[in-house]
Ligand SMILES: Cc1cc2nc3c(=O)[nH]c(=O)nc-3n(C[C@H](O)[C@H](O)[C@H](O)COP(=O)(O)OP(=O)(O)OC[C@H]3O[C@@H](n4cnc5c(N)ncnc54)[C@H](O)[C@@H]3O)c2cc1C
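The chain below stands alone, shown as structure tokens; this is the form predicted alone.
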Amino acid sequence: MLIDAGELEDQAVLTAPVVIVGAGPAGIVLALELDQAGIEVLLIESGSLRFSEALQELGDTRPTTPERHPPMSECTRRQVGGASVIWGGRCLPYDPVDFDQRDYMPHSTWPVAYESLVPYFPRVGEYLSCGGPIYDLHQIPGIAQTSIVPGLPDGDILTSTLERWSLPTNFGREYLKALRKSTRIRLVHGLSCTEIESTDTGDRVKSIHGRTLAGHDVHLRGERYVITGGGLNSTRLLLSSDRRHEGGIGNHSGLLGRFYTGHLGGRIARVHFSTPPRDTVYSFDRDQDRVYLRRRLSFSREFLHREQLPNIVSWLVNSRISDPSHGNGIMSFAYLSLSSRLGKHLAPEAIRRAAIKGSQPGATRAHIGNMVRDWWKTLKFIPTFGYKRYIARRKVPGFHLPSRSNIYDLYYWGEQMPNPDSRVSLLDERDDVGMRRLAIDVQYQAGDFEGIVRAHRFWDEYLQRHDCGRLEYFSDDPEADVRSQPGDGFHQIGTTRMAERAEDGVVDPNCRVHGFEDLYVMSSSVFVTAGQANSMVMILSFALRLAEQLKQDR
């Protein structure tokens, strides 16, 4: 059942055994799982069924270092479906090493075992439509060449680890019919939750207050409450609930809002392969279910421990499409399309901006020249790629072009080390429903940058040792290049971190806020480390795990 909050009376009271705040992937999966168990749910979403700029603006933040954090309008979506409305579809779980005891990385100890989450991976794959939980190329039948280039074996460096790709699945569209038909789920959209009110004893929730843009107040009451409003909005709601709890609910340890963690990504080198160009696997593979797969360079679990290295991977990409010196008509067409007025309809804004970054004045004429010289290849490319990318149900994640010189840019992606000084906090400035906005202060450490550079050196040594190629850095100071590139804010991790003891975190191993009997947080904010994976698979794994706990409680 769908309810428009704008049609509710002021001071309305809604009740259900379970109240879920946030109708993104975690909230939707949790609601559907509880529905199957016969449990009634109130599913609350600040956004609407369609995009609204006024509602989206409620989530705006004020980064103290804007160059290190993109606008939240690019990272999140206040809409039924949450961030899945704008994501690219990349799917992979954390690695076992992420849950290991890593003494060389302070504050990285998880209070749960990796093995306890593995059983949920198949079900997560069903929700994401990304196939079975196979992330090793050696386990995929029908793929003859298991290395990126011939003669490069798996060892300390791995070339057979995989990413899987979703459709990409928009949860707001894919599961709306099920939400609408359910008699046990009431999805209330257009209602922003502004405060969690606790009882006088301070260990239970009395109600959650919500407000519409029109100024109507709604009160939500239940037996269990789960905050699934995304990495930062979940934290913001806890911080704002400070009438009985100094610093907000969950701030008993002084860590609420701290340890804001994400990923570092960019390019500082290109790889020159010395193997036959026709044998380089530069693009996506597909498995027996036609799911797109991408190979990467990664490290073995043992090597990461031995070298005390953060978890870092890389993959082959085209050279920057914004630089017309590549001389490729297809790449110039992609650049001109994405930088045009139609560009915002062709790719999520964050992906579009990253693709056209680095363009120079007067480059348009050179790009047009590339297209004219390459007109036949470009003309053939447009309808084929257009169908695969925008019409086919399972969309190709991007395009990769073969390099006749066998030279490719190398895109790195690595975890930011946990840092208590990297944090979010409340400002005095308020949004249109009266909530204080968040200030974001992203802080990196020397080890974040050094780890990326060391990873490249290990990749270079491994390529040369096996006579397969070498790396060429873009500058004489790769670390300075890494320092100039951090700016990821798409996977908001750590600000309600999980810990066994109340003094070490915000939630316990079951995602329940320490000191509360009935309040849970279910978002990437509970994660202890970032790993090399994006958050989606792990968020849904924890959501399924929490669903089982709530079923048992009932």
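If you're wondering where the values come from, they're calculated on a predicted model, not measured in any experiment. Quick note: we count residues from 1 along the sequence shown, nothing fancier.
Below: the form predicted together with the named molecule, not depicted.
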Inset, instruction - With the named molecule left out of view, choose which of 149, 86, 130, 187 has a non-hydrogen atom within 4.5 angstroms of it in the model of the complex. - result: 86
Legend entry - Single option in 79, 314, 332, 416 placed near the named molecule in the model of the complex, where near means a heavy atom within 4.5 Å: 79
Legend entry - is_contact(residue 75, the named molecule) in the model of the complex, heavy atom dist at most 4.5 Å: yes
Legend entry - residue 21 within 4.5 Å of the named molecule in the model of the complex, heavy atoms: yes
Inset, instruction - Answer for residue 534 alone: is it within 4.5 Å of the named molecule in the model of the complex, judged on heavy atom distances? - result: yes
Legend entry - 4.5 Å heavy atom contact, residue 193 to the named molecule in the model of the complex: yes
Inset, instruction - Kindly confirm or deny that 25, 44 and 490 each have some heavy atom within 4.5 angstroms of the named molecule in the model of the complex. - result: yes
Inset, instruction - Determine which one of 97-105, 354-362, 227-235, 304-312 lies within 4.5 Å of the named molecule in the model of the complex, judging by heavy atom distances; exactly one does. - result: 227-235
